[in-house]
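Single chain ahead, written as structure tokens, the form predicted alone.
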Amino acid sequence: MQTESLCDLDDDLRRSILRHMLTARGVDEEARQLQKQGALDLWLSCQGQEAAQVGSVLAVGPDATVFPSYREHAVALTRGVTAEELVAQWAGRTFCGWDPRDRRFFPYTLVLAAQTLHAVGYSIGRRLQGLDDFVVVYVGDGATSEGDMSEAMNLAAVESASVLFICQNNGWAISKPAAEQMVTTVAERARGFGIESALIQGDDPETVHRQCVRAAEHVRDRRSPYLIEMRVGRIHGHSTSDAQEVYRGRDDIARTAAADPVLAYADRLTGLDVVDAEWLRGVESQVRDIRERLMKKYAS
């Protein structure tokens, strides 16, 4: 992973962001196909959330320790986890697939919000050892309704833990809409625990990057937690076992797909002459090679 965390995004960083987003999209598409063929037990798509994930993980830098939930594929790939390592866990071939300490990226957590307590405890433990204690933990909006999330925020605030909470609010906890989960934003709830917070749109990776740079500086400089709530879209169902058409309106699904952050950012950079057709073909070729390797390894 590159060390890219300046607030002013230059063209090299913009191209890097788009490359990571396109790679994550390709891996996600291939994994969905592999699951349909029975090669994977389950897959939870990150499509619609690539901007939030890539923008944030590049902003916090390679030294931060990351605790994901179960949908942070773009974060994992940007952190240097290979597509083969990532997919291996969903194929049931390994507990994790990569060295968590080497990548500073811990295993996925399917138990909702459990990783929030792990993250806070890890940060406090590192601090007691005199080590770098900056930790980033990803969580979904549904998981914030779990008691573990409240316990983690309270403990982080009381102990001044160096933890950045990143909530990707895609509006759905499986089939439960956010409006039926909470009457305030997650950002507002964090402030109730004494944690400074921000609510932003997560469909623009540059906005995400800038906000996360500032949040990371807050955590590191003040040695106190911070929470960012990002509004994102969920293009597919909760998982490959979920038929979202049963509970979600067609218009809502269509609007989310039309606001695809990967296509939008590619179009934006093309319009700004930051990338051209040749550059895009080169990335597409690289992504195609990754997909072919996955297909040969897991579909055989």
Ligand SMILES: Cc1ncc(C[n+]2csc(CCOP(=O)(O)OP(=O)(O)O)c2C)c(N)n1
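For every residue, the number given is its place in the sequence shown, counted from 1. Since the structure is predicted, the reported quantities are computational estimates derived from the model, not experimental observations.
There is another form of this protein, the form predicted in complex with the ligand, and it is not shown here; the text below is about that form.
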Looking in the predicted bound form, any heavy atom of A143 within 4.5 Å of the ligand? yes
Using the partner position in the predicted bound form, report whether H238 sits within 4.5 Å of the ligand, counting heavy atoms only. yes
Taking any heavy atom pair closer than or equal to 4.5 Å as contact, tell me whether V158 reaches the ligand in the predicted bound form.
no
Consider N170 of the chain shown here, and say whether it contacts the ligand in the predicted bound form, taking contact as heavy atoms within 4.5 Å.
-> yes
Answer among 91-99, 105-113, 186-194, 74-82 for heavy atoms within 4.5 Å of the ligand in the predicted bound form: the stretch 105-113
